[in-house]
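Presented below, as C-alpha cells, is a lone chain in the form predicted alone.
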Amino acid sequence: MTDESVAAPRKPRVALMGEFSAGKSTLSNLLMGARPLPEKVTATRLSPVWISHGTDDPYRIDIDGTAEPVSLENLEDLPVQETRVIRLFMESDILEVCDLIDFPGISDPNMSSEVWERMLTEVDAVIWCTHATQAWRQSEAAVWDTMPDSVRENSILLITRYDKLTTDRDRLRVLKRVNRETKGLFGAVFPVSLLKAIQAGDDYDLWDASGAGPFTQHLIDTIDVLTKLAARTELPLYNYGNDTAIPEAVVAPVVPRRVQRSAEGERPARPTAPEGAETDAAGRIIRTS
C-alpha cells in the first residue's frame, strides 16, 4: 500500500460561537493573524464561514449540497437561508492543524436559528465568546444545554471584553459567577481582552495580562487532544451523543506541530496585526482602518 493511497486524517474543526457582538470577529483575527473577510463584510450577517488552510478560491454550499464559486466582496449578497456554509481558504499557522468555523450570532433576531444549527454536526469543539458586561445570559445557556458532552469537554468559554469591567471587585464577581454557573460545561474558562491581546505585539507581559497567554496555551493543548480524537473517526464529535462512545483509534494518532510555537518549551508567538492595521516599531496597533 503506497502512502498516496492512505487518506490523511481529517483536521479538528473548532467553532467560534456566541451572541451578537461578543467578539468572535476579533477572536478570529487574533487566532489567524489577519482578517479573513474583506473590511466591509460583516461576518454576523453571513451563514457559517468554514475556514481552512490553503489558497483555493472561495465557494458556497447550499442546503442541497450544491457548490458554486463566490466573490469575497459580495458575500453579503448571498442568500442566508439557502446557504449552508461559505468555504474560505487562507494561509495561517493555526489552520495548518485545525479548521475554524465562524458561526453567526445565536441571538440575532433577523436570522433564523436554522442557519447555524444545521452546521453543528460538523463541530468537534467550540470557543464560546460571552461579553463580560452581560456574561453567560440565559439564551446562551439554553443553546449550550443542547451540546453533547463530547463537545463540551473539549470546548473553551471566553469572557470577552474583560477590560470593560472597571474594578477588581466587578471582575472577580463576574468570573466567580460564570465559573459557578458553567461548572462542568466547558473544558476551561478564561477572561480575556482580545483587542489588548492583538495590541500587545511582542510584549509578553501585555500579552499575558490580556488573558490571551493562558487561553492560547490551553487551546494548543486542546488541539493536540482533538487531533488524536479526529484520527479515530471521520464523524465530528458533535455526532456522538452522551450515550454514544467514540470509536477506538483505527490509525495511529497524528500530533501536529504546536500552533504558533517555534520550538518545544517556548512561548507561543503572537499573531501578526490584522490586515490594514497601522503599527508602531514594536508591532503594536496604532490605528485600524
Ligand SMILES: Nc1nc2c(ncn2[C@@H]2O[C@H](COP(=O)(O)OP(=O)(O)OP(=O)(O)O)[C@@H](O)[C@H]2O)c(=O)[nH]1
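We number the residues from 1 along the sequence you see. This structure is a prediction, so every number in the text was calculated from the model and none was measured.
Heads up, the form predicted in complex with the named molecule isn't pictured, but that's what we're talking about next.
K.L.:
Within 4.5 Å of the named molecule in the model of the complex, heavy atoms considered, which of S193, T216, T130, S155?
P.N.:
Going through each option in turn, the one that passes is S193.
K.L.:
Only one of G105, G187, P148, G211 has a non-hydrogen atom within 4.5 angstroms of the named molecule in the model of the complex; which is it?
P.N.:
Here the answer is residue option G105.
K.L.:
I need the one stretch from 115-123, 193-201, 78-86, 174-182 whose residues put non-hydrogen atoms within 4.5 angstroms of the named molecule in the model of the complex.
P.N.:
Contact-bearing stretch, as computed: 193-201.
K.L.:
So in the model of the complex, is the named molecule close enough to D163 to count as touching (4.5 Å, heavy atoms)?
P.N.:
So D163 counts as contacting the named molecule.
K.L.:
Indicate whether R232 is a 4.5 Å heavy atom neighbour of the named molecule in the model of the complex.
P.N.:
Answer no; every heavy atom of R232 is more than 4.5 Å from the named molecule in the model of the complex.
K.L.:
May I ask you to check whether A22 falls inside a 4.5 Å heavy atom distance of the named molecule in the model of the complex?
P.N.:
A22: contacts the named molecule in the model of the complex.
K.L.:
If you check in the model of the complex, is R45 within 4.5 Å of the named molecule, heavy atoms only?
P.N.:
The answer is yes: R45 has a heavy atom within 4.5 Å of the named molecule.
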